[in-house]
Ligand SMILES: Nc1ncnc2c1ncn2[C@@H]1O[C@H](COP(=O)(O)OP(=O)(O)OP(=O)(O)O)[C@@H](O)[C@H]1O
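Just the one chain here, the form predicted alone, laid out as C-alpha cells.
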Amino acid sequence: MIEIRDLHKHYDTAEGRISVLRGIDLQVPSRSITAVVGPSGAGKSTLSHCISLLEKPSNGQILVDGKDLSALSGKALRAERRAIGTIFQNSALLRRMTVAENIALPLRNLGVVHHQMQDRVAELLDRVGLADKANAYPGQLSGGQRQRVGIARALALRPRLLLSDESTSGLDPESTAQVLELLDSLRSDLGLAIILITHEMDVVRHVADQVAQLDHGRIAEYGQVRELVSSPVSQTGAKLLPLRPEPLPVGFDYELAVAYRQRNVDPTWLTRLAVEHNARVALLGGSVESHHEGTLGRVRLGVAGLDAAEVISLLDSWGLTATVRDGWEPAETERIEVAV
C-alpha cells in the first residue's frame, strides 16, 4: 500500500515561489488501481516525479508499506526506490539494446548474477506476452510492444507500487486495450498498488478502481469510479461517462437524470417503468457499458404520466439513482469526496 500525506512541492524562482502541489493526500491499497486525472498544469507530472522520487517533495510524506521514502537519502533511498516501478509515456527504451538487455538493465545495475538475471528476464517476457521478442531491438517493435517491454522492465526488481505515467498516450486502441489488460492482471496476480496518471477518461473508466481529480495542485475530487459516475454533483463522473442529451420533447412532464448505483441492475428496468407502471418514457441520451466491477450507466429520460417522486423511489429500489431536470449539472465545489 502507498500513502501520500500532505504532499507539497514548490520551486523558488527569480520571480518568487511557485507552488505546484498543495497538500496532496492519497491512499492506494494493494491490488487496486488509482487514476490521477486533471488538465494540463494541474500538477500530474510533478506528482509523478515526487512519487517516483525523481524529485524530492518540499514537504509531506510518501509511505510504501508504512516506510517513509521521502525522509531517506543516498544509499538508503536508492535501496527503497526499488519498491517503485515506473512506466514512462514513451517507454524510454535504449534503442541500441535488445529487448532482453533493456529489461535486464535494472538487474545488471543491482549486480544480479547472470543466470538469475536471464531467468528473471525470460519470466518477465513471458508475463508481458513477448517471449519471442527477446533479441529484437526497440525500433523493430510496435508502440504497444515497446510499452509492454517498459512494463516488464518496471517489474524487474519486484516493486510493490507501479507508477504508470501516461503509458497509453499515443497508442492505438488495440495497443491501449492490451496495455490496460496487462495492468489489470498485474494488479490482481501480483497484488500491486498501481497509480495511473492519465488524461484519457476512457482508460480510467475501463481499468481504475478509484479516481483523484487534480486541480491547481490540490485533489478537488476523489472516490470510486462507480460512486463518482452515479453522483449527480460529480464533475469527474460527468467527464468519465458524458451525456449528450436531446431536448425534452413536447408532452413530457419532466426530465430525469438516472445513474446505475448497483453493480448489477436489471437490464429491462426501462421497459418495466413503461409497461408495469404506465409511464410514458422517452430516452433522451445515455451511456451504459461494462466495467470490471459491474455495469456503469448514466441516462436522461423524459417522463410523463407518473409523479416524479414515485419514479425516483421506484428506481432507487432497482439500484438506480435519479434526480429531476438539471441534476447532472456539476455543482461548483472545492472538493467532493465520495466514500470508498
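One-based numbering along the sequence shown. Computed from a predicted model, the values in this text were never measured in an experiment.
Another form, the form predicted in complex with this ligand, is not on view; read the next lines as being about it.
Asker: Of the residues A279, L284, A42, L296, which one places a heavy atom within 4.5 Å of this ligand in the predicted complex?
Answerer: The option sitting close enough to the partner is A42.
Asker: Find out whether any non-hydrogen atom of T13 is located within 4.5 angstroms of this ligand in the predicted complex, and reply yes or no.
Answerer: T13 belongs to the contact set for this ligand.
Asker: Looking in the predicted complex, any heavy atom of A322 within 4.5 Å of this ligand?
Answerer: So A322 does not count as contacting this ligand.
Asker: Using 4.5 Å between non-hydrogen atoms, is S52 touching this ligand in the predicted complex?
Answerer: S52 lies outside the contact set for this ligand.
Asker: Is T46 part of the interface with this ligand in the predicted complex - any heavy atom within 4.5 Å?
Answerer: Yes - in the predicted complex, heavy atoms of T46 and this ligand come within 4.5 Å of each other.
Asker: Report the stretch among 284 to 292, 32 to 40, 310 to 318, 56 to 64 that approaches this ligand in the predicted complex to within 4.5 Å, counting heavy atoms only.
Answerer: Stretch with heavy atoms near the partner: 32 to 40.
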